[in-house]
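Take a look at this single chain, the form predicted alone, given in structure tokens.
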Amino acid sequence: MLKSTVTGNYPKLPTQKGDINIRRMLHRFDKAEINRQELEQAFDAVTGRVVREQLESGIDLPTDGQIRWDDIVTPFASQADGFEINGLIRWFDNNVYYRKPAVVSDIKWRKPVAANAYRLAYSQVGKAVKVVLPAPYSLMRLSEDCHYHNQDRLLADLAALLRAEVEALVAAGAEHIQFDDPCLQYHVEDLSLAAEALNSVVKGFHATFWLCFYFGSIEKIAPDFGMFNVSIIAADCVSVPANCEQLLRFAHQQIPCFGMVDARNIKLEQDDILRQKYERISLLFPDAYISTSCGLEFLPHASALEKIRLLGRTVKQFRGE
């Protein structure tokens, strides 16, 4: 039966007055009006709220919303040895920016980044919560190499960094771990290199691993999905509708996840059109996932909430619930 999930992040700023505003709390922290413990308590409270919102909206597999993260690469670079955090760079073709990490010495894992957030999210609901990490290849592409000057060595050390993170997550009980690789579809000449790196990260661990693509076409990647030792392949089927056909055609060694709900547009999809798509998908892949096209933090909180309610409701209705 079809299941619903979200791709990754979730709006940090609330709609309702009186709810915790993370931006305001960070500003107060910078001004020394609150201490680190109070800031962490705010992060915890907002994480709990967004996980509950997803479940109350009918989402089968929520994420923690990545409330502590400004983007997907900086948290790992800032908590590992070997990086410096540089200035703001545009995040693909969106009107948001991230701080580009610079590799300035040998990369070494220092401590878990995602495990504590996973434990908190799980404690809020007592059921599976999907963890989202950068794939080693995109982490490399989204960083600046000022030290290795050797792609193979740099990618190997980034893979080792992420493998240590996965080990901590599995030890914490994480069952679903998603790797985002939005850069790979723009550099398909490195497909074998990216697959080898990711496979070295997941080898030997007992978890359900996901590989997620968004913001581009997977046409040149899809025929080689079998190179990746993951259980689920996810793709954005909104920015590139043809990605749906690629998943239907090539995702036979994995379970596909179809990003059908637009996470960059406040306009709501029509229920009947979504249902038509679900019917076609379920004929070939009855156990497929339906998701948002990418992370939801591009939308205001009220619009993101409408989107996940639409997603949860339509998948449940399709299942006859």
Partner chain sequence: MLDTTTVGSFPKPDYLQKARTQHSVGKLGDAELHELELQATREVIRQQEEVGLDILVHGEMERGDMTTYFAEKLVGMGISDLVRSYGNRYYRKPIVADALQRPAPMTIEMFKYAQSLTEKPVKGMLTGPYTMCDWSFNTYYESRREVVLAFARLLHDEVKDLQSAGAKYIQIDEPAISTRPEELPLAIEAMAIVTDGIRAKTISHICYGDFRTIYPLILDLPVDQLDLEFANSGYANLDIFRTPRFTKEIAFGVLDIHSHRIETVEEIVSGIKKGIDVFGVERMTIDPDCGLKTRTTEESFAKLRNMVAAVRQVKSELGLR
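Numbering follows the first chain given and starts at 1. Treat the numbers as computed from the prediction; the structure is a model and nothing was measured.
The form predicted in complex with the partner chain is left out here; the points below concern that form.
- Using a 4.5 angstroms threshold between heavy atoms, R280 stays clear of the partner chain in the model of the complex.
- In the model of the complex, at least one heavy atom of D70 sits within 4.5 Å of a heavy atom of the partner chain.
- The partner chain is not drawn, but in the model of the complex it has a heavy atom within 4.5 Å of R99.
- Using a 4.5 angstroms threshold between heavy atoms, L88 counts as touching the partner chain in the model of the complex.
- With the partner removed from view, the residue among I273, A45, L284, L26 that has a non-hydrogen atom within 4.5 Å of the partner chain in the model of the complex turns out to be L26.
- Of the candidate stretches 248-256, 261-269, 50-58, 286-294, only 261-269 contains residues with a heavy atom within 4.5 Å of the partner chain in the model of the complex.
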